[in-house]
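As a starting point, one isolated chain is supplied in structure tokens, in the form predicted on its own.
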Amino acid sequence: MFGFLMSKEQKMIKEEVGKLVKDIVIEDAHDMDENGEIPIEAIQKAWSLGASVSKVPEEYGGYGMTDSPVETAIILEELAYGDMSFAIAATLPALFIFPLEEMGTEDQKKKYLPLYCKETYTPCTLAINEPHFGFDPVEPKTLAVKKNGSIILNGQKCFVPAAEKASHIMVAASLDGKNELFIVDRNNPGLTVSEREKNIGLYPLETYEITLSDCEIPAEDRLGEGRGCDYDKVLQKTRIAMSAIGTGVSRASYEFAREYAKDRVQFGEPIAHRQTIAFMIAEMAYEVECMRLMTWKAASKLETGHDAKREAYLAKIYAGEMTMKVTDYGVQILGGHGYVREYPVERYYRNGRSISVLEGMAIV
């Protein structure tokens, strides 16, 4: 349930994830960004928390716990506080696991869930974004048609995380004017994965463009096999997740800039004493709180079984705009240091830009 205070259990989850982030992410985030990769050992430690498989029934390898978008939002904020690329990479299989567990047939669950609900991290992913101007996830241009008991997919996707290493990709496409999800094997001859994309931020996160050219899949790999795929709910959950991640990145920028302003002395006093700087820090503080509350409100509505389309959309739109504002303030407060890669605020700024332009990179 939504509230202004976290429950005892939620506080414990926050503390546990926060400790992991402090131990294995924050100190190494700069090196991960410079090297363009995340050590698999770090991802495995985050995976061992079990957040991505917690609600999967035990018979498929999960923990059989109650689904809690609010708790997942708390986890994503903490992970993104350490590093946004890490938050996405560490929880990536959930993008495939959630739709499958929620909407898949019994046969689909038995076939695929045990592959990705193991003790060891195994990448699988979701492809929503498309490389054309004015892209709207509600109206994907990737098309699916039925043919002789199979499904034929044609289209392009971009910013697909871990597409090269994932064994399976969940692809969003339009079938008979209705948006649905389809399971595509990475080795399908109709699927081509481009070279790794070079992006403005998220350097450690491997993303790719994929092309589906007469990509034929069995009809049974249509999620739910026609009985119903709630694509809208998937979008709601991914938008809430991106809002939570934006909150974490913004909080990191705010806290770093605040401490820097306290310690940085010019003309005999900390720069935090200057009204302009103080006002910027105050704005950063309340925008982070606003983002978090909008995220929790949307997540809580989903958690109580209600449609959260409006709340999820507003939370992501707001997080996208305010993450840019807050992280820009972080760069400004550090002045010339804010533009230097040795300080994390420039990384927060580059990474935070993606909140407003990317869809389907994480899920609650």
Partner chain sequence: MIGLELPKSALQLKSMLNNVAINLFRPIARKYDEAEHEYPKELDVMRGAMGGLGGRRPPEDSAGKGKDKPESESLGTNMMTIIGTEEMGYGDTGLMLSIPGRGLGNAAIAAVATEEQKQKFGDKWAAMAITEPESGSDSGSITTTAVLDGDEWVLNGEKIFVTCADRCEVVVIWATVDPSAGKAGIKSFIVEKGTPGFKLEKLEYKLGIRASDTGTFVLKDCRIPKENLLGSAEVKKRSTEGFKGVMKTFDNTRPMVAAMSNGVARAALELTREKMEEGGCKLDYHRNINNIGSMEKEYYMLEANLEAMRLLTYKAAWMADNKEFNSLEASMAKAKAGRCGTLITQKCCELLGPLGISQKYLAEKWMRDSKILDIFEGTGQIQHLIIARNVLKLSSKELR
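Positions refer to the first chain, counted from 1. These figures come from a predicted structure and were not determined experimentally.
FYI, the form predicted together with the partner chain isn't displayed, but the following is about it.
For the marked spot (70, 232 and 310), a heavy atom within 4.5 Å of the partner chain in the model of the complex is present in each of the three residues. Only one of 219, 145, 200, 293 lies close to the partner chain in the model of the complex, with a heavy atom inside 4.5 Å, and it is 293. Only one of the listed residues (118, 165, 227, 273) places a non-hydrogen atom within 4.5 angstroms of the partner chain in the model of the complex, and that residue is 273.
Taking the partner from the other structure, the partner chain in the model of the complex has no heavy atom within 4.5 Å of any heavy atom of residue 54. Proximity of residue 318 to the partner chain in the model of the complex falls within the 4.5 Å heavy atom cutoff.
Remark: residue 331 does not count among the residues lining the partner chain in the model of the complex, judged by a heavy atom distance of 4.5 Å or less.
Proximity of residue 139 to the partner chain in the model of the complex: non-hydrogen atoms within 4.5 Å are present. Only one segment in the set 285-293, 148-156, 169-177, 106-114 has any non-hydrogen atom within 4.5 angstroms of the partner chain in the model of the complex, and it is 285-293. Residues from 233-247 that approach the partner chain in the model of the complex with a non-hydrogen atom within 4.5 Å are limited to 239.
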